[in-house]
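Below you will find one chain, with nothing else, as structure tokens; this is the form predicted alone, and questions on how it binds or moves follow later.
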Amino acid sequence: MAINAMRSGLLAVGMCLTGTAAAQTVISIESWRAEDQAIWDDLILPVFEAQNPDIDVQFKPTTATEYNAALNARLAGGTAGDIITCRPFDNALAMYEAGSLAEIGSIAGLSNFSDVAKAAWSTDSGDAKFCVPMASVIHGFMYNKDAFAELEIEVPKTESDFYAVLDKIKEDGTYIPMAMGTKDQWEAATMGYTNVGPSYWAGEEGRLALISGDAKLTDDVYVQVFEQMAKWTSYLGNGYQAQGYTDSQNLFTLGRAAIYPTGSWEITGFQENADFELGAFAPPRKDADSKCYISDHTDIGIGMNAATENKEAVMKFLEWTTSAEFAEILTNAAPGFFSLSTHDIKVENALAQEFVAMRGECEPTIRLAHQILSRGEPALGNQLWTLTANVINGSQTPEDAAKEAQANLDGWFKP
């Protein structure tokens, strides 16, 4: 009798719990950042759900290399999540134009983002918005503070300072001046050409001039960046041509190289693996009288699956992602991925703070080829990988690399 009573009690509890669960709206987030599972599960979603107990948000990522194909298949099959984590520019734009991403311009909190931030997830005309800007990564240089102290080196501010530092490190011989290889090609362009380039083409001014047709890649300001890449050759150490991305990471975190051209996305991994103090500095100015520019690249947005049956819950969540509360949680939970909002937030990680402080000193821009200029074949973004690696390897001159890039762009791009 007692057992039956217990069973009846458990059944009643189960029915109560089932009823509670049924009252909740369950929505899921598609993402390519599987490594962020704990961040979302433990730090971000509990805050939103505490304020919105009627909504259960589930983070369901896919491996980064499989994300685009898997997401498109789920969208086509009607099984994709309610919320879509958006890559910038053409990838997300194609999903919007295909009807997979909803227009979300009515979200009031979008006023908390700059036009540059919103451009990554807007139509070319800017009339439609389809993802909330979420996070950017900032390009620059990391350095071994212990090595700098040992060699009595000051952080460089200008181009001449930068090469003086590299020369001193090379002359001493204890450290490889810079850890970067050309085997994988992409880092040559991403951490080389488009890292220091904005100081030459004046950031957004030069990027937008290429899109409008008022500038060409054969203009001096773009060729000069290839010339800088050619100057890097003697500072990369022996065998850099066979050195892949992970090789460069290891050289730096093991303390064998003094400087690493990179971006803020490396913060967490490097702090876990390096046993020395890390510092960061902005890409050097051309000279003391020149402006400082950084690539504060729009990296991650978040939008609504146009086919979701839970639009009200999704819009409530997206509105929350425009808040100062979300901006601060995200920035501190994932050091190196900085909120794109204009909210004044406290950055707790000291190295992340060094990167974000660059925003106060330098004018922001984004990677040169990511908007419009990589829509044809060959895509300018991918072509710059090869051309920059060729210039560093000495197999192509800066002038020839610039001519090839412009010739191929002329083949399909009409301003």
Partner chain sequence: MANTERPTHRRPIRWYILVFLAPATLIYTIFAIYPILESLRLSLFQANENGATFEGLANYARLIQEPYWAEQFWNAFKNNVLLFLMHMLIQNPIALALAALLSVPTLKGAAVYRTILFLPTLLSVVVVGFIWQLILSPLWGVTPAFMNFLGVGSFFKPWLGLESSALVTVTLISIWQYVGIPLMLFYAALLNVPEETIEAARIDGLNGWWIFWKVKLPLILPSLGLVGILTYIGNFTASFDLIYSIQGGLAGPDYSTDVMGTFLFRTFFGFQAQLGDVYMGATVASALFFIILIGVALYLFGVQRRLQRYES
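Residue numbers count along the first chain shown, from 1. What you are looking at is a predicted structure, and each value in this text was computed from that prediction instead of being measured.
What comes next is about the form predicted in complex with the partner chain, which does not appear here.
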On the criterion of a non-hydrogen atom at 4.5 angstroms or closer, are L45, S106 and T321 all touching the partner chain in the predicted complex? no
Work out which of L254, A288, A149, A164 lies within 4.5 Å of the partner chain in the predicted complex, going by heavy atoms. L254
Checked V26, A64, A357, A38 for heavy atoms within 4.5 Å of the partner chain in the predicted complex; positive is A64
I'd like to know if N238 sits close to the partner chain in the predicted complex, meaning any non-hydrogen atom pair within 4.5 angstroms. yes
In the predicted complex, does P378 come within 4.5 Å of the partner chain, counting heavy atoms only? yes
In the predicted complex, does N91 come within 4.5 Å of the partner chain, counting heavy atoms only? yes
Is there any non-hydrogen atom of N349 lying within 4.5 Å of the partner chain in the predicted complex? no
So which stretch, 268-276, 178-186, 341-349, 123-131, is the one near the partner chain in the predicted complex (non-hydrogen atoms, 4.5 Å)? 178-186
Quick one: which residues from 62-87 get a non-hydrogen atom within 4.5 Å of the partner chain in the predicted complex? A64, T65, E66, N68, A69, N72, A73, R87
